Every structure is written in C-alpha cells, then in structure tokens.
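Shown next as structure tokens: one chain only, the form predicted alone.
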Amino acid sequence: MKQRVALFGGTFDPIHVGHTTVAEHALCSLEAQTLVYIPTRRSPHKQVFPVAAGRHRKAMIELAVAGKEDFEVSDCELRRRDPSYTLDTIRQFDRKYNSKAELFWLVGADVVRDLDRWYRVEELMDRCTICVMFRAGYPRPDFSGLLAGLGTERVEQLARAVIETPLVDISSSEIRARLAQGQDVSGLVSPQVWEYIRKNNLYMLENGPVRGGF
C-alpha cells in the first residue's frame, strides 16, 4: 500500500487554530501518514503578496505544529520564482517520494468556482487527488459549474473526495484586522504563534505591514 501524503497549501498569514484543526481532521479522514504545510509566495490567482514575509509565515507554521510528528512544513513555493503553480509542487513531491506516495492536495471550498482555470488542471488531477474541504453546517460544494470545463468524470472525482471539517469560524484577515487595532488574538492562534507575532511586531498597524520576500 502506498504512503499517503496530504499537501496543504495557502498563505497562512498567519496560521491559526482553524488551519490546524482542519488539517488534523483531514489527516485522519484521509488516513494519511503525513501532512505537509506549504506556505505560498503568492497565489497565481491573486495580484497581491501576503502581508507577512515568507520567512515569518514559515516560522509561525513550524511553531504551530512543533511536536506533531505527522506534520511537516515545506518552503518549496517560497523559494520558487513566480509564477508558481500547484502542478509544479505536485511534481516536486512526486519526485521526492519516487512516485511511491499517493498525494492529496487540500483546498477550501472557496476555490471551487475557479478550479477549471487552474494551470494544467487535468494533469494535476491525474497526478494527485484534489480534496475540497468545507465546514460543517455549510452546504456541500457544488461542482456543477465545472462540468463544461472539466467533464463529468473529473467532477465526479472531485465530489468523491470532499472532506467535511469541523466548524471553526476564524480567518487570517480577521486576525490581522484585530492586531492592527491592538486587540488580543491569543485564543485564535497558538500561544507560540502569538508570542512570535508580538516579538516580531507582525501585522501591527503602527509598525507598518511586512510585505513580500523570503
């Protein structure tokens, strides 16, 4: 049986308890041996860079998952020049595991409407299983809008790989807004991440945003 590896990409700006909760749930749901967080430099679908520099976002993820043997962090997308595509990352991990691992790419339900416009999405879906996560209490993702672009077989493939996660109503943008107003976010991020944010004055309005780079 192949090793199962879940890959969780995102800006994680900053990583919060919602990210770690859904990651743990997905790991168990997929019966995967490893989950790898992959902070991005910038999504090809977005024109703006994350607020915190890549080195800070990577450091915060490492703090958030410290001591959890099933969790890893990769800076492969931070080191790659733009544009960086999900397919590039999947190819890299396929080489890392000598094509002997079953790869899963975790995404949120908000990306569904754009999925058929992803770079070489057909090859991507042949190389890994895209797992769309949605929060309990919300409707299941509707893939019908992708039929014209992806076809019935691939849409059915997506529907089979849906993962329902616990409801954790937190967003990184909300955390950044609270920090900019000088509010406490200790219940929204791990204690180690909260300490790192304060130590490095991240997201604090009076210090200005820390943008781009690695």
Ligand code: ATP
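From 1 onward, residues are counted along the sequence shown. The structure presented is a predicted model; accordingly, all values stated were derived computationally and were not measured.
Below, we turn to the form predicted in complex with this ligand, even though it does not appear here.
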{"property": "4.5 Å heavy atom contact, R176 to this ligand in the predicted bound form", "result": "yes"}
{"property": "Contact test in the predicted bound form: D110 vs this ligand, heavy atoms, 4.5 Å", "result": "yes"}
{"property": "Contact flag, I197 vs this ligand in the predicted bound form, heavy atom cut 4.5 Å", "result": "no"}
{"property": "Contact test in the predicted bound form: R135 vs this ligand, heavy atoms, 4.5 Å", "result": "yes"}
{"property": "Heavy atom within 4.5 Å of this ligand in the predicted bound form - residue from A26, L150, A59, I170", "result": "I170"}
{"property": "Partner-proximal stretch of 127-135, 91-99, 140-148, 72-80 relative to this ligand in the predicted bound form, 4.5 angstroms, heavy atom", "result": "127-135"}
{"property": "Triple contact flag G182, S186 and M204 to this ligand in the predicted bound form, non-hydrogen atom at 4.5 angstroms", "result": "no"}
{"property": "Inter-Cα distance between S172 and A136 in the predicted bound form, nearer or further [3 Å or more]", "result": "closer"}
